[in-house]
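Next up: just one chain, as structure tokens, the form predicted on its own.
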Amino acid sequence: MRELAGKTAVVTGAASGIGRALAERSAAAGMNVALADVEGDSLRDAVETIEATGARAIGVVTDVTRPDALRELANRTLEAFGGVHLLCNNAGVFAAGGAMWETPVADFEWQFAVNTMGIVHGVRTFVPILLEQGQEAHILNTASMAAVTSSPLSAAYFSSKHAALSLSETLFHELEQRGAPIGVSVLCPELVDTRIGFAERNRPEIFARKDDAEDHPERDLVAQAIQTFTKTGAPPTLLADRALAAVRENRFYVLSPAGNGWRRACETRLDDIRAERNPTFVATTSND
């Protein structure tokens, strides 16, 4: 989908970080933008910033773990702009887990509900609309370099992102086999300067850790590490530009740059699989 001007983008997780950058870059490209997020105040600020540039935008408070919320987002978008051409399933959360057997079940449930099922709900809601339109369109799912690597102490997050990648690959094949004019890309960011390390601020009560969930030192270490290292991460605008370039080029994989530590970890994992050898641990504590 090389031409974006005059078309409409829907972006979840749009109040901050990569989502906000995607919304702003889409608006700068001449698109109408429907911004969705669970944080109402930040969402209003993001919408006002975009509208101040002369672009058309709406904000819809949306919990991507709820299918009915995605349907409301779709209805509001169609009412405002008449169609959808770019769907960015971007909302994501991170919860420090520690060792897998010590990670509370609620941590798995919350991260899968947002990082994986949020994409499922977005696809199930919007793909029928895109197919009925019969126009050129594109779906961008945000996964992570965690989707193509493995690391200890964050099993829930990494596995939720692996699932997001697999869902995206499956969606690509299904749409291609139907001959639908709908492209698919999966964005796999490395460390990015966002507030994902503080995602607990938006954790709903339904996914709260139970009283019997024990504290473990490793969990605190992981939480501190992600909050520290994301501050040194890439700017969200860089990832948004990378993503929209892939949309225009109809390119599926949007990975960190070659030579980057995350990319090396990915390539080492692929080599392990090809050679049928045991997994090699590659430290990825920075973007170097």
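When you see a residue number, it is the position in the sequence shown, counting from 1. Source: prediction; values computed, not measured.
Although not depicted, the form predicted in complex with a small molecule is the subject of the following passage.
**Message:** Is V222 part of the interface with the small molecule in the predicted complex - any heavy atom within 4.5 Å?
**Reply:** Close contact is absent here: in the predicted complex, V222 is far from the small molecule, nothing within 4.5 Å, heavy atoms only.
**Asked** Does the 4.5 Å heavy atom contact test between V254 and the small molecule in the predicted complex come out positive?
**Response** No, V254 stays farther than 4.5 Å from the small molecule in the predicted complex.
**Asked** Does the small molecule come within 4.5 Å of any heavy atom of V186 in the predicted complex?
**Response** Answer no; every heavy atom of V186 is more than 4.5 Å from the small molecule in the predicted complex.
**Request:** Considering only heavy atoms, tell me if R195 and the small molecule come within 4.5 Å of each other in the predicted complex.
**Result:** Close contact exists here: in the predicted complex, R195 approaches the small molecule to within 4.5 Å, heavy atoms only.
**Item:** Listed residue (V38, A55, A246, V47) with a non-hydrogen atom within 4.5 angstroms of the small molecule in the predicted complex
**Value:** Going through each option in turn, the one that passes is V38.
**Asked** For the chain seen here without its partner, which of 167-175, 139-147, 121-129, 71-79 has a heavy atom within 4.5 Å of the small molecule in the predicted complex?
**Response** Flagged stretch: 139-147.
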